[in-house]
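The chain that follows stands alone, in the form predicted alone, written as structure tokens.
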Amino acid sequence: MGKKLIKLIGLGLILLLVQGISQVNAANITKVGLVTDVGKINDGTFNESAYKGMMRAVQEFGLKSAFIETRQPTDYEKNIEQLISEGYEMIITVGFLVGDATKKMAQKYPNVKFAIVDFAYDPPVPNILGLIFAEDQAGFLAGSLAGLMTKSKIVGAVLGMEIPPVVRFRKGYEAGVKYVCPDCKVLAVYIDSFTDPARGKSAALSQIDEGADVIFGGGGTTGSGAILGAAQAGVWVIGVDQDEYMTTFKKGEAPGAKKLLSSAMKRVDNAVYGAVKAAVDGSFKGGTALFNAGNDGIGLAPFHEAETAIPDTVKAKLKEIADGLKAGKIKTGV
């Protein structure tokens, strides 16, 4: 009787162990794919930051990966479905404009995990994690920097498509300028493309003609074209999403690098890395994750070659503002 009981207990433990392993395996992923918004994974801003975050997780956890660069919005669903058909258990989608396609595919494939940058669902979708950012806070810091550095008291902003994250950047930027320079004028324009650097440059040069001596570029390669053109025309510029000194200005090798003050960073890379990590360790849940000043999800990039041109008083004021945003004592009003 005793031997039978021991055997039964042993068998039970084995069954529990096997069950536990199967549960762990069910939670884990081995393949993760990324679908960009219209543009490339080396765009120097948004798509690239998401890709870098995914690849950091891929390397750390030994995952297989793939990406598809979207050429036009009508391809979103097709691109997502292609990765799923190839056995990818988690899909990262990049950008507000991919929101509807991501939801449709997530409902069609409930066993696939999704994370989307710059979009959240209400009510939440069980297998989608929305990664959203306080663009207003990042924009507020950029605007404060612009308002503190302008001599003409006219600053500009060249933005991408008029979608919620970009609108929050613009409004935050305008609020930041006014916070430090109430009598400053802000020139701002939306451009209906995130991939048109020539139009971005043209818009920036137009704002310079109107007296702007600091230009903020917030719209993929359109914004990058704006700050490249403006910097090469000799005015201060501020980048977006990533540290554009490292990307758009090629680690200082591109002409105009010394005119880049900073970049209003959204830590898209950290957000995507965290989402993949959660899928790997089994803690992934659908819902919304907000990245803001309080959890270092946004902030200004290093000043690089502009370091010595920025007065200590400006640096001190920026730190005061950043601390105020982090503590919740300063509100953007957006």
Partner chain sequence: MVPIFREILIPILAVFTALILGAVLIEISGVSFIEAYRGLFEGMFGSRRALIETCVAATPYLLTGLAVAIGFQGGLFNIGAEGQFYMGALASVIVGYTVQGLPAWLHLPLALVVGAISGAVWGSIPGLLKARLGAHEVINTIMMNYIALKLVDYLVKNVFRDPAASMDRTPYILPTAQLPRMFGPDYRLHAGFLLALAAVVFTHWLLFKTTLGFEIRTVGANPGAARYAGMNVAGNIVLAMAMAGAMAGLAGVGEVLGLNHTLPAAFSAGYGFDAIAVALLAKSNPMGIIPSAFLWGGLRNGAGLMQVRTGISIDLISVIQALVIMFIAANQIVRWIYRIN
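The structure displayed is predicted, hence computed values, not measured ones. Positions refer to the first chain, counted from 1.
What follows is about the form predicted together with its partner chain, which we do not show.
Using a 4.5 Å cutoff between non-hydrogen atoms, Q82 counts as a contact of its partner chain in the predicted bound form. N111 falls outside the set of residues with a heavy atom inside 4.5 Å of its partner chain in the predicted bound form. Contact check for F133: no non-hydrogen atom falls within 4.5 Å of its partner chain in the predicted bound form.
Though the partner is left out of this view, G256 does not reach within 4.5 Å of its partner chain in the predicted bound form, counting heavy atoms only. Distance criterion of 4.5 Å from any heavy atom to its partner chain in the predicted bound form singles out P73 from the list G211, G252, P73, P124. Remark: all three candidate residues (K40, K78 and D192) come within 4.5 Å of its partner chain in the predicted bound form, counting heavy atoms only. With its partner chain omitted here, the record of contacts in the predicted bound form names 92-100 of 92-100, 136-144, 231-239, 151-159, defined by a heavy atom within 4.5 Å. Contacts with its partner chain in the predicted bound form, taken as any heavy atom within 4.5 Å, map within 33-68 to K40, A66, F67, I68.
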